[in-house]
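In C-alpha cells, the next block holds one chain alone, the form predicted on its own.
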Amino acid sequence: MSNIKAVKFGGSSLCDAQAIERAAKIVLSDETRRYITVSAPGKRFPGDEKITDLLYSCFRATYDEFMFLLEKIKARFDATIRDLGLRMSLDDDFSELIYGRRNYFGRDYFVSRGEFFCAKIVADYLGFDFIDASRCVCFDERGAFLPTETAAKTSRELSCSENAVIPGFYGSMPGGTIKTFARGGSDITGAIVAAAVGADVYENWTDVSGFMSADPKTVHEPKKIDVITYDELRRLSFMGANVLHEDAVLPLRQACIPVIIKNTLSPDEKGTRVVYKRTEVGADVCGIAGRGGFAILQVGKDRIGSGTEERKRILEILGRRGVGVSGIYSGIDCVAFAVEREGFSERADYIRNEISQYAEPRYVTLIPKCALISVVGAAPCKVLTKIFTAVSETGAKILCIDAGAGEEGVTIGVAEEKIQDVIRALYKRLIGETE
C-alpha cells in the first residue's frame, strides 16, 4: 500500500461533539488519512471526569451506584450522538454492560468500553468502517501481549477496509475475554495499526503542539522539540513525558514509520517529527524528563562491577520477588540497581537478606526515595560537565549515573524531593542558554 496515513486521536481531542467534529475535519481534509485509532473521551473542562475513570468507578461500585454511573456515562454519549446529528444508538451496547455486570465480564471489559463506544460514534460520523480491536489485538491466556500474532491479524482485518476506525487500548485473549494495555495503551494500538497497514506516516493528535523539551508543569514555557529519534522519545516517555506511550515506539521503529505529534486545536502548527535517525545535526540536548517512585539498591563487594555472574544472580533474586529493574549502574567495587519502589518496599528486607546470603558483600544498602532523570539529544555526553554543574547548583547529590548509552542519553539518580529543582537547573544550563 502507499499514500496512507494512520492517525490516532487522544481523549482530549474527542471529549465531546464539537471536538469530534474538529477531529473529523482534520481526517477528511486529507484523503490519505484512512485508518483512525481513538481513545475514550477525556475531560471537557477542568474538574470534569474522563470516561475511562468513570468506567473504573462503575466496575467497583455497588449495584445502585453502578446504575447511577452508567446512566451518567450513557447520557454523555447520547448527548454526543445527538449533537452530531447521528441516527445511531448505543442502547444495546449499554444493555450488554448491564448483562456483563451480572455475569462477571471483568474489569478490562468495562474500562475498554469508552474506546469501543467512541470508535463507533466516530466511524458513523465519518462514514468509515468500525473494526473492533478485539478482532485484531491478541493476548495469550495469561494476558501477555502477542506482537507477531497481532501484526498478522490486524493486517488481515484492515486489508478489507479502505477506511476504518479502530478503538484503542484493548484486545482479546483466547476465548474472547477482553484484555487492556496499561494506561496510555491507545498509543500502542495506533502504532500497531500504522505498522499493519504499511503507513507512510503515523500522526498522533493530542492537545499540545508537539513534544516539549521539558514538562511545562516544571519548566515555564519549555522549548518545543522539532525533531526527535525513536530511541530518544522512548527514553523521555519512560521517564514521564507522557505525550506518547514508550511502547508505542516499538512497532513504528521496527517498520521505520515516521511519526508526527500534532495539536488538534492548532492543526496548522508544525508539531514534532519522530524519525529513525537524524539527517541533520541537532542540538547537543533536545529534552529532559524524570520521575520519582524509585529506590536504589547498592551492593558493595570487591570487583563486583566486573562480575557478570553475580549481577545475573542478583537480577534473578529481584525477578523472583517480582521487582522490576529500571537501570543498573556499576563501579569497580559496587553495583547499584534502580528499582520501581511500588512492590519493592515490602520485600526489601527479604531481598537484602537473600543477596547477603548469596554474595557475601561488604554491604547492601538501600536509598528508598529516588528519582531518575534522563537527558537526551544528539550528543548529551558532550555536556557531562554542565550536568554535574547544574546538579551541584541545586545542592543535590548524584546517586547514580549512566553515561554508557552513547548518543542516546545520560541518566542520573537524585533524591526524589530534588527532582523539580534539578530538572529546572538542567534545562536552564543545557537548553535555556542556547535559546
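Heads up: residue numbers just count along the shown sequence, starting at 1. Fair warning: this is a prediction, and the values are worked out from it, not measured in the lab.
The same protein also has a form predicted in complex with a small molecule, omitted here; what follows describes it.
Contact annotation for Ser374: none of its heavy atoms lies within 4.5 Å of the small molecule in the predicted complex. The shortest heavy atom separation between Lys50 and the small molecule in the predicted complex is within 4.5 Å. Interface membership of Pro361, defined by any non-hydrogen atom within 4.5 Å of the small molecule in the predicted complex, is ruled out. Although the partner is absent here, Glu115 lies within 4.5 Å of the small molecule in the predicted complex, judged by heavy atoms. This chain appears without its partner; in the predicted complex, the one residue of Ser213, Thr154, Ser186, Asn204 with a heavy atom within 4.5 Å of the small molecule is Ser186. Shown alone, this chain has one stretch from 222 to 230, 340 to 348, 318 to 326, 177 to 185 that lies within 4.5 Å of the small molecule in the predicted complex by heavy atoms: 177 to 185.
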